[in-house]
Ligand code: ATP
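A single chain, nothing else alongside it, follows as structure tokens in the form predicted on its own.
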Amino acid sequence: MKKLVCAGEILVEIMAERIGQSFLAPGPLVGPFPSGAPAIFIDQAARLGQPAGLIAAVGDDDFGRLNIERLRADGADISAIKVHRGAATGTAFVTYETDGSRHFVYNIKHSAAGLIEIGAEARTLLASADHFHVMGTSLFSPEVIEVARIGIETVKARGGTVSFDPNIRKEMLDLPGMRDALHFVLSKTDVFLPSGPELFIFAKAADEESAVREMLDHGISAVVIKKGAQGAVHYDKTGRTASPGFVVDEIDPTGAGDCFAAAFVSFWLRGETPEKALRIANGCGALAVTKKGPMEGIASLATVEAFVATARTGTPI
């Protein structure tokens, strides 16, 4: 099977225990949980049996070890995760609002995650890669943007492919070099995986199908629009394929989109139909939200297949 590689932040997530709890006052917390969008993506891909490796950096601390051991146990290639003495592993503290939204306090750029680089181990990993996946959240500094650029160009030079999940927060658009980086990545993208309104960051059109047509006309092979609990829609030159989400009780939505993307890309790399890739991806996204913690709902392929065979789907989209 084809090997996919991603580069970006590893961190731990520590969560407020109660909905509506604020960090402006002391309160109970739960965690740490292994996290970071690229780490979630690679962990889910590995659990599905896809060869997958991560280029990243952690501190020489318990938070770093927690993440490395989770990735190792789930079958990911951790050879290019560098451990930095004297730097702390990244962190994210999360509160959940009564309207379903979340509030984050991050330490990523100034943590070990900000020290990511293309060293000897990363070059070796890229030399075996058939596919490179980019997360918009990982483009948080010029140094990390350069890592992504090298990853993309190395894999493309080998005849490989690229997927791109913008996963971008509006406040990140004004970071130095961010807009240029996003458009560079998009110009190299084969599979584009925006969530809802993210599509319109990159398109002039105001409606979904016209915006997708713009993306396909620019050379992208497939556009997969994630619609959360509703499911997802796949577009390519041959047409549109919609797949409804599965009905589950949501505990924690963090990481669901990353699990979806990992599953879709893995099955796209295996040459599966859009229908099958979407169904497995929706199953991974649904299972991800049923447990507290970004990686705690990540499931094996056997578990996902058993789930999608019996789970109830929502309204067709």
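Here the structure is a predicted model, which means the values were calculated and not measured. Numbering starts at 1 and runs along the sequence shown.
Separately, the form predicted in complex with the ligand exists; it is not shown, and the next lines address it.
The candidate site formed by 162, 192 and 219 is entirely out of contact with the ligand in the model of the complex, as no residue has a non-hydrogen atom within 4.5 angstroms of it. A residue is said to contact a partner when one of its heavy atoms sits within 4.5 Å of a partner heavy atom; residue 269 fails this definition for the ligand in the model of the complex, lying far away. Within this chain, residue 29 is remote from the site of the ligand in the model of the complex, having no heavy atom within 4.5 Å. When contacts are judged by a 4.5 Å heavy atom cut-off, residue 286 counts as touching the ligand in the model of the complex. In the model of the complex, residue 167 approaches the ligand with a heavy atom inside 4.5 Å. Of the listed positions (102, 183, 156, 110), a single one reaches within 4.5 angstroms of the ligand by any non-hydrogen atom in the model of the complex, namely 102.
Taking 88, 172, 203, 229 one by one, only a single residue has any non-hydrogen atom within 4.5 Å of the ligand in the model of the complex, and it is 229. In plain terms, the part of the chain that comes close to the ligand in the model of the complex, with a heavy atom within 4.5 Å, is 253-261 out of 253-261, 59-67, 41-49, 269-277.
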